[in-house]
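Heads up, the chain shows up twice below as structure tokens, two forms, tagged structure 1 and structure 2.
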Structure 1
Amino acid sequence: MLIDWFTVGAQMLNFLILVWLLKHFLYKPILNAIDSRERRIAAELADADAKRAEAQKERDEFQRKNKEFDEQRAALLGKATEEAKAERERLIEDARKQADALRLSQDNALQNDRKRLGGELTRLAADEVFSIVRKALADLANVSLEERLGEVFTRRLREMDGNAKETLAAALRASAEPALVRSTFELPPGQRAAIQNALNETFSSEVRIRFEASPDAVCGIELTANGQKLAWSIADYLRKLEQDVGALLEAQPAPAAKAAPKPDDGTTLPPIAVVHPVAA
């Protein structure tokens, strides 16, 4: 007999015992462990999802702030650029104004220097001219400059044309004060008498005059009466000299201008004695 019924019953019992044993020692612990791990993984996944959502939120926030920062920076940069541009233009304008003012100041100073130099030159030139003329006249003609001045003046008085003569005569008559004869040098008594005579003869009357030496006022001799003036001076000569010296000064920055003056400068000067019958 292949089947032993006692064994069958025993094996059924054995099998049921084994089912119970494995249920408690194998299936339950293993399934519990798997469930626990799955719950933990699910929790971790949920946590990771939450963290990912949080990270995404923070990233969005960061990107938004970054964008705002970029916009603000661009705005500030643009504003700063505009301000810098305006400031630069203002500084350039200030510098230009200062440069203009400085140039103007330099021009004024140069002009003043030129005027001062011209005046000084005129005075020195006048002194020198008179000195030379005085010496030349004394050496060559044995006459003094003062005498020659007086002679020339009296001759010019006598040779006055009619119109000027009439005008001056009217002025002399209208003047309550004595007519003023101003000269660069102190006229000697002889010359004074000669001038007085010439006036008397020219205007056919007793002309009252007074003499005055004024070295800085005139460069020669002049008669002033009631706003009318008759003069002989070297003013034109000196003005021409001043013009030539001024032209020389303006050309001075050029290298060629630093050379010695042309030898014919003196030859182009006008005659030393010029009579100006001026009716001012």
Structure 2
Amino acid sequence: MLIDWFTVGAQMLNFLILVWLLKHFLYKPILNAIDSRERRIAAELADADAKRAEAQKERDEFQRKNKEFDEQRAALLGKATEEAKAERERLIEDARKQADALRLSQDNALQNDRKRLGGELTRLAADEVFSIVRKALADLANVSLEERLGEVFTRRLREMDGNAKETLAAALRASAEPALVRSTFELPPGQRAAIQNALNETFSSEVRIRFEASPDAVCGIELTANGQKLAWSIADYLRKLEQDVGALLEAQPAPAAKAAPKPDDGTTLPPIAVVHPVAA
């Protein structure tokens, strides 16, 4: 079989031309299209990654801010709770202080009222005692209260115990001034003479004395010399009355009040006071 080399060469040339044509007009546009598509896809993927990263960043920022908000809210709530608790305690403390102040004020007012009542009762009791004793002595023995008190004072003066007598005698000897005899009322001359005689007899010497009336003093007679004092009065009765009244007032809130003090039957007299230094 004979080979037609011209035909073979023509076919090879045609094939090469076809390959060149395919490469130039078909493969290259296709490859360019593929490259362009790949580049577009890569760009889209990169953009998607960027958007995903941005979204993640925003998500993380939101979570961070949300956490900070929760922490701030918890801190503010805790602070508000503490402030409310402190304010509550302050209000309770203020209320307690006000209640204590009110109770103290009421207690002071009650004490003042009690003292005022006790003083009024003492004054009224003294006035009543003076009036009753004066009337009783005048009716029964025709002797005034002043005279009876002077007689009791002189009798008790003569009945002093040894220690009181020695103390008062030393004070009388050491005093450069006359001894002072003070009474609630003005002593009549007879009572003054009786007291002077009782002092002279008791101390076996001439005792210099001067008399003074003191209406503010509780009914009685007192002798003062060189800082020493000897006294007799019904002040003990009045103090006892005031103490009993105070006890009754103290017992008022209790279910059962204390029994009222038993009135003195008048058969006893308060003892003459022991000689003691006069308070400066």
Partner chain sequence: MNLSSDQQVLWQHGFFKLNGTIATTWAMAAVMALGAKLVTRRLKTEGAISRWQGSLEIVVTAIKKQISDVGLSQPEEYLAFLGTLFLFVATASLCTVIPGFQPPTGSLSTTAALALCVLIAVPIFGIREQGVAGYLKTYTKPTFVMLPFNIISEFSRTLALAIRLFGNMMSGVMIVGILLTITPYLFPILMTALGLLTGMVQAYIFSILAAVYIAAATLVRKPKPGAPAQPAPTH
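Numbers given to residues start at 1 and step along the sequence of structure 1. Rigid core (definition): largest C-alpha set, two forms, superposition within 1.5 Å. Computed from a predicted structure; not experimentally measured.
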Structure identified as the form predicted in complex with the partner chain: 1
Flag for K97, CA shift 2 Å or larger between structure 1 and structure 2 after aligning core: no
Core-aligned C-alpha movement of E166 between structure 1 and structure 2 reaching 2 Å: no
Rigid core superposition, R73 Cα moves 2 angstroms or more between structure 1 and structure 2: yes
E82 CA shift between structure 1 and structure 2 in angstrom, with the core used for superposition: 2.7
